[in-house]
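Just the one chain here, laid out as C-alpha cells, in the form predicted on its own.
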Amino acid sequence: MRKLFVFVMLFAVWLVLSGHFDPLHLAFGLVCSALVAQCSSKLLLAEVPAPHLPAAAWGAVRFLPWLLYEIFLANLHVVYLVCRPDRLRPQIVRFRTHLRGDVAKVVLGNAITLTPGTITLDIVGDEFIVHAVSDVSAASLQTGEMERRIGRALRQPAGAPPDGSGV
C-alpha cells in the first residue's frame, strides 16, 4: 500500500514538473518513480500511519503553496536588505520544536533553509539552531507558523509556538 501510494505521488510530481507527455518521457517517469518508490518507500512518509497517508498527501499539497509564498516574501526582504545593508542584524536563533519524528524535523529544517535569510545550522534533539540575517527573519522563526503548518501536513498534533530566544 505504502509503495503504491509513494509511486503515485512521485509520478504525479514527475508529470507536473516535466510537462512532457510523449511515450518516452512517460516511460522514464514511470520507471524512475517505480525505482524511487521501491528503494525509499520505507523512508518517505515512514512516520505517517497508513490510514493517514491520503490526508498527509493533501496536507503537503496545501503546505507547498504557502511555503512558496513565504519564500517569495523572504526574497523581497533580502532584496530590501541588499538595498539597506544597515538593517542587517546577523544572529543565531535557538528554538524548541513540538514536532515529533525525524521526518517532520527534517522537513522543518529544510523549509527554514529554503526560505532566504535563514539557514538551519543544526538540529539537536528538539532544539533548532538557525542563522538569521535580520531581526525580521529571526522574528518569523519565533511565530511557529511554519511548524504548525508542517504539523498539520504530517498529521501531528498542534503544539504551542516554539519558545525560542535569540543568542
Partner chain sequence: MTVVGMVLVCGGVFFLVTGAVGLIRFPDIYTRMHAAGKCDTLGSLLVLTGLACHEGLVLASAKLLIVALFILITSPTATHAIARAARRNRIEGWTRGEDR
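Numbering follows the first chain given and starts at 1. On a predicted model such as this, the values are computed, not experimentally measured, just so you know.
From this point on, the text means the form predicted in complex with the partner chain, which you will not see here.
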property	result
Output flag, Leu17, Pro85 and Val133 jointly within 4.5 Å of the partner chain in the predicted bound form, heavy atom basis	yes
Close approach of Asp122 to the partner chain in the predicted bound form, 4.5 Å, heavy atom	yes
Distance check, Thr118 to the partner chain in the predicted bound form, heavy atom within 4.5 Å	yes
Partner contact for Arg96 in the predicted bound form: the partner chain, 4.5 angstroms, heavy atom	no
Proximity of Leu26 to the partner chain in the predicted bound form, heavy atoms at 4.5 Å	no
Of Val36, Ala57, Val103, Ile129, the one that lies within 4.5 Å of the partner chain in the predicted bound form (heavy atoms)	Ile129
One residue of Val31, Leu43, Val61, Leu68 in contact with the partner chain, assessed in the predicted bound form (non-hydrogen atom, 4.5 angstroms)	Leu68
